[in-house]
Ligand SMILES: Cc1cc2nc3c(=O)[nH]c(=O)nc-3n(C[C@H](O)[C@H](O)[C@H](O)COP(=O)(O)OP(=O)(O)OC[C@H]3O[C@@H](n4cnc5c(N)ncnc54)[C@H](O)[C@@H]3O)c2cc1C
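A lone chain, given as structure tokens: the form predicted alone.
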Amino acid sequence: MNKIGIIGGGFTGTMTAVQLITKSTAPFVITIINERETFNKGVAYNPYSDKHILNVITGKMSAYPDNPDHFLDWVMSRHEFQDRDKTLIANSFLPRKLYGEYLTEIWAETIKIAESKGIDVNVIDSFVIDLDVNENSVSLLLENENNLIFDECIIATGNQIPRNPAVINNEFYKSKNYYQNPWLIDSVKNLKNDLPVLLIGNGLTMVDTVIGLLEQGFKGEIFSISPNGFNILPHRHNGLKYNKLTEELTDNLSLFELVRLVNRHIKTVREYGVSAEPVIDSLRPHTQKIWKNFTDSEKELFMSRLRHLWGVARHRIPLHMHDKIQKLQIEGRLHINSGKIIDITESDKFVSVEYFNHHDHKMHTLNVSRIINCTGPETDLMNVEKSFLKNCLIKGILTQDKLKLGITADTETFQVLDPQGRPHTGLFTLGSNLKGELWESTAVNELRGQAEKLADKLKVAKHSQEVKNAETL
């Protein structure tokens, strides 16, 4: 019986398993390795706060590519939404925790399907600490010292925790007053109000952390520092579609030509009182193809000059959340800085942070009780501590793209490529690990499609092998 392993049980791993089980026409064994606490939701949909909400409207959050209203219909079937207007809910931003419940229900229904098909489903609460590729199999070594062997193995590990910023005193990162993982509730608990808290980073994670601090009753001041300050935009034009730009898209546009085209259309919509968001959103279905057509030098230029601007335009927050951040700034509760941290030292009374402020071009010192790293996921595997992916990179099982954004893979088959560019027969990856190959590969819209496509590929590969075996006999 065929054995399939999935490393990671967040949205990507779960929906890949769901698709494999749903599409199967014969029994097989599927094993998912993931920490029990975040299984089938991942970090994103297992938040510590009920006030952490989705950044995409309900109508676009279906877990199934072929059923775009699946999540919306599920929401409307719940008693607390039955007297609500469906169009309103479709265009609303709901709690991430609710989406986690949605995924849990999908998984429960999938288990029933698996039982009816004789499919053996195992979920192991552990971590993978090493991986090896053999001639016809993939072997995993787990933290609990178990060894597992699979015919096919899928790496669906999702995002890594943030990298520690470079400072003079790296010893501080061992302190109990430093939280490298901002997605754990411990990062915002048990704070006194007599000293401020410092957040490193001014993106979406910073917003979530601010909300988490307030929910935990923190009444002190909150400071944040990042190279570019706070530039997050709100969603202002829900449902507004703009098609003129995509009518002018052609194959093999250079980066320069694309930027010029986008700027021209942004200028056009602004003449009518509309901001740039609908123009940027119209590019969304085409970004992967555009990225793949860029040269290596164009990708490097994008990362150095345009990445931040793209992030501002693409990663927006609901309007009421944006208003909350603005209000906290006006009240003097939240102080957002553009700068660079130079050094961090710790005494018995506080943590002292020295940073260079980009606005006044001066050094400043800030005394805080705690530092929370909100800089976003690390992508360079060599900077990730105790990672089986780092081990695989060192051993030459896999390689990274030149920008070190993810794992090099064939985006049609999802097979991991070795350093010589050869695909591993039974080793696959998808999700955020494909960021270097596709750039946009982290949102539900991309992940659900990848899960379905990989399930189809594995089903075809299995059928082909059965035919091959029969011919051999």
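The first residue of the sequence shown is number 1, and the count goes up from there. Bear in mind that the values here come from a model prediction, so they are computed numbers and not experimental data.
We do not show the form predicted in complex with the named molecule, though everything after this point is about it.
Of the candidates Ile30, Leu447, Leu427, Ala409, Leu447 is the one whose heavy atoms come within 4.5 Å of the named molecule in the predicted bound form; the others do not.
Site annotation in the predicted bound form: the residue of Leu405, Val43, Leu417, Ala63 reaching within 4.5 Å of the named molecule with a heavy atom is Val43. Considering the named molecule in the predicted bound form, the lone stretch of 346-354, 304-312, 151-159, 220-228 in range is 151-159 [heavy atom distance within 4.5 Å]. Interface membership of Arg96, defined by any non-hydrogen atom within 4.5 Å of the named molecule in the predicted bound form, is confirmed. In the predicted bound form, the named molecule lies farther than 4.5 Å from every heavy atom of Ser49. Among heavy atoms of Gly8, some come within 4.5 Å of the named molecule in the predicted bound form. When the named molecule is considered in the predicted bound form, Ala443 lines it closely, a heavy atom lying within 4.5 Å. Contacts with the named molecule in the predicted bound form, taken as any heavy atom within 4.5 Å, map within 47-65 to Leu54, Asn55, Val56, Met61.
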